[in-house]
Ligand code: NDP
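There is one chain below, alone, in structure tokens, taken in the form predicted alone.
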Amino acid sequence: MMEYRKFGNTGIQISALSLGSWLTFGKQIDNSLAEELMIKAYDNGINFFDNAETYARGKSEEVMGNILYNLKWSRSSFMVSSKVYFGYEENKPNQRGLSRKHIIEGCEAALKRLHVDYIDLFFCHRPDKNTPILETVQAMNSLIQQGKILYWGTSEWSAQEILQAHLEAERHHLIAPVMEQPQYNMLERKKMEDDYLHIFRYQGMGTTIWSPLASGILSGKYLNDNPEDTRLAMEGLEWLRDRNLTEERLKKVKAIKAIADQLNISMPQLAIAWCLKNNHVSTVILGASKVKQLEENLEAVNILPLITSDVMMQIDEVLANKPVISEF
């Protein structure tokens, strides 16, 4: 049974698990499988589908948009996102970044690709050092007033940058960001468990966390061999493979798998459920290239009662990476 969580300080409810399209839609899988995955997710209570302008250089949104158009789901029954920053065209000046020009043009293009009248969640995919944060806040505020987006937020911004956006919004009576999309998993913890704590407490913020399996490392599939049909084997992602496939990380994964085996659950289920135990996680974005894989990961919600405080302590002992919170 799907769990629904309050999305930061907003009034919307978001499914604890959601479906993303990075590296899969328009690239790794065919369109019929993409549709099958979306139907499986929707039928199991997922109400949020994540996308971005840069995924497969716009093709990911085209695929998802065509599926949404054909399925004719009630628009009020699901949420869809896009992200603006990296662009999707020729990388000429003004075709990327967070200027008013690119934000407005990026939103208009995403609306067309997704076949929707508005985007529920619109993210600034990265901070833009070349654009004043006030300009970005003003552009997002304009889109909300025009009804083209409902909520805006950030992805992989620092706590200081998010706070600055809130200060600019308050100073100029504009709508502030309400969500952040950071990487969060057993191996990447600092932002969610340390850096953002004051933002959670004083500004309130929903989170749509990505890479709960650390690009597949926490699935356990790399313990015994080096499979070729994975995202880390994809051309152009050598940087991701080199960063994740380290001896130290694989040693920790092996010990975590032993805990999963004791609980009689799969390694991916444990990794996803671990993320959900953090009360500041609104939704965990799942990536899937097979229906069976998605079905397995959807069970993470149902096994949450197995992840007791004792289990969490065992995991922390293995990981040895829990952030030390500074005392003020």
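For every residue, the number given is its place in the sequence shown, counted from 1. Given the structure is predicted, the values throughout are model-derived calculations rather than measurements.
The protein also exists as the form predicted in complex with the named molecule; that form is not presented, and the subsequent description refers to it.
For the chain shown alone, residue 286 is a contact residue for the named molecule in the predicted bound form, at least one non-hydrogen atom being within 4.5 angstroms.
Within 4.5 Å of some heavy atom of the named molecule in the predicted bound form lies at least one heavy atom of residue 297.
Of the heavy atoms in residue 131, none are within 4.5 Å of the named molecule in the predicted bound form.
Residue contact check for residue 24: one or more of its heavy atoms lie within 4.5 Å of the named molecule in the predicted bound form. This chain is displayed alone, yet in the predicted bound form one of 102, 252, 125, 166 has a heavy atom within 4.5 Å of the named molecule; that residue is 125. Screening 214, 143, 192, 176 for any heavy atom within 4.5 Å of the named molecule in the predicted bound form leaves a single hit, 214.
The stretch from 166 to 174, 253 to 261, 198 to 206, 214 to 222 that comes within 4.5 Å of the named molecule in the predicted bound form, counting heavy atoms only, is 214 to 222. In the predicted bound form, 55, 83 are the residues of 55 to 93 with at least one heavy atom within 4.5 Å of the named molecule, listed from first to last.
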